[in-house]
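To begin, one chain is listed below as structure tokens, in the form predicted on its own.
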């Protein structure tokens, strides 16, 4: 039987993140969206919570907690409830850190993990998505060819914090497999384009990358000569994104529910009308269903079991769920939902992006 009671450690993390999301993120998310940036003090405050370094072994400067995808989904949901842009910014170092923690060689761990265990936020990221209509993460257009070390050629997009990242994990095809390569900031042949202008997540800085004959030492291939478990990394990304989607949807639902209780029309709360009540009920059902699907997938990942089917189902369901819930949030508010003074339009824009966020988060 499965237990739905979080451990004492998990509950402590959830409570801490929930308080931070409510007291800090919720008070600044609209301002951040309008200005297109996140104040450094917010990011550094989040860094001081120790979320990113929690799963890094003590010998490299971390807290030494066991890595758990399920715990990661719990904290990702709460952060996304606060704000998606901030959540993805705060968690972006995990894109570089977690693959190294799980699959890096001892030399890679010694070199890169201590660098992100300092007192201030240190950016690291990963580049998976490619700017082409037929993008397939199992058939990447970015190619790695062995030539002493490796030579990378290709294009990437939607890379969070690429401009400031100390290092970037670049996913590329090597032969018939997708592998990962650690590319240091300023590497020759690596070009970072201008910041992208996105429909949503406007406070999160994302960039296009160009790799032209970018030379990477052989020891920078994640996992060394044997490579990495690419399937597991994509599954960890799927549950991360599904958890973030649940957080965004939950924010839309709770705001809409409270509005429907307080907004009166013709002498009664609009929530008493079937059209509104049924939408709210559907939102609650879909959010819980998506969360439970994702918990199962994350639980299997923690058991090191085969979980690709469950992770794909959780991600696909969450993509549809967050669009429905954020759309209903706009509808519940009627014409007011289209006005930028209300947050539902922001959640709708952010929710629309989940189908395109492949590889932009990991837990």
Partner chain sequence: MIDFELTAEEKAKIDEAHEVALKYFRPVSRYYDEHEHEEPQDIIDFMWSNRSKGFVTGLGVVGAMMVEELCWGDAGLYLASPGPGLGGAAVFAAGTQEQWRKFLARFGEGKPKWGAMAMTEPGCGSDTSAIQATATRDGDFWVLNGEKIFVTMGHRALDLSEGIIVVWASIDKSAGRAGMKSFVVEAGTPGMKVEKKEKKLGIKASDTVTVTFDNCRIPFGNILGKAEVKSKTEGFKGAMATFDVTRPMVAAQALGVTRAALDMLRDEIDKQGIKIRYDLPRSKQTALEHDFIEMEANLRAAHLLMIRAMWQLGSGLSNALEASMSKAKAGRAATLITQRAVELMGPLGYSRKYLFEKFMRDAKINDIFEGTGQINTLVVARRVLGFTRDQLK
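In this text the structure is predicted, and so the values were computed from the model without any measurement. Residue numbers count along the first chain shown, from 1.
There is another form of this protein, the form predicted together with the partner chain, and it is not shown here; the text below is about that form.
For the options 154, 271, 223, 173, the one in contact with the partner chain in the predicted complex, meaning a heavy atom within 4.5 Å, is 271. Proximity to the partner chain in the predicted complex, defined as a heavy atom within 4.5 Å, singles out one entry of 192, 161, 280, 113, which is 280. Exactly one of the stretches 123 to 131, 250 to 258, 201 to 209, 92 to 100 approaches the partner chain in the predicted complex with heavy atoms within 4.5 Å, and it is 250 to 258. The partner chain is not drawn, but in the predicted complex it has a heavy atom within 4.5 Å of residue 320. In the predicted complex, the partner chain sits within 4.5 Å of a heavy atom belonging to residue 308. Using a 4.5 angstroms limit between non-hydrogen atoms, residue 288 touches the partner chain in the predicted complex. Mapping the unseen interface onto this chain, residue 49 falls outside it, with no heavy atom inside 4.5 Å of the partner chain in the predicted complex. For a residue to qualify, one of its non-hydrogen atoms must sit within 4.5 Å of the partner chain in the predicted complex; none of 54, 338 and 342 qualifies. For the stretch 286 to 321, the set of residues having any non-hydrogen atom within 4.5 angstroms of the partner chain in the predicted complex comprises 286, 288, 289, 292, 293, 295, 296, 299, 303, 308, 309, 312, 313, 316, 317, 320, in sequence order.
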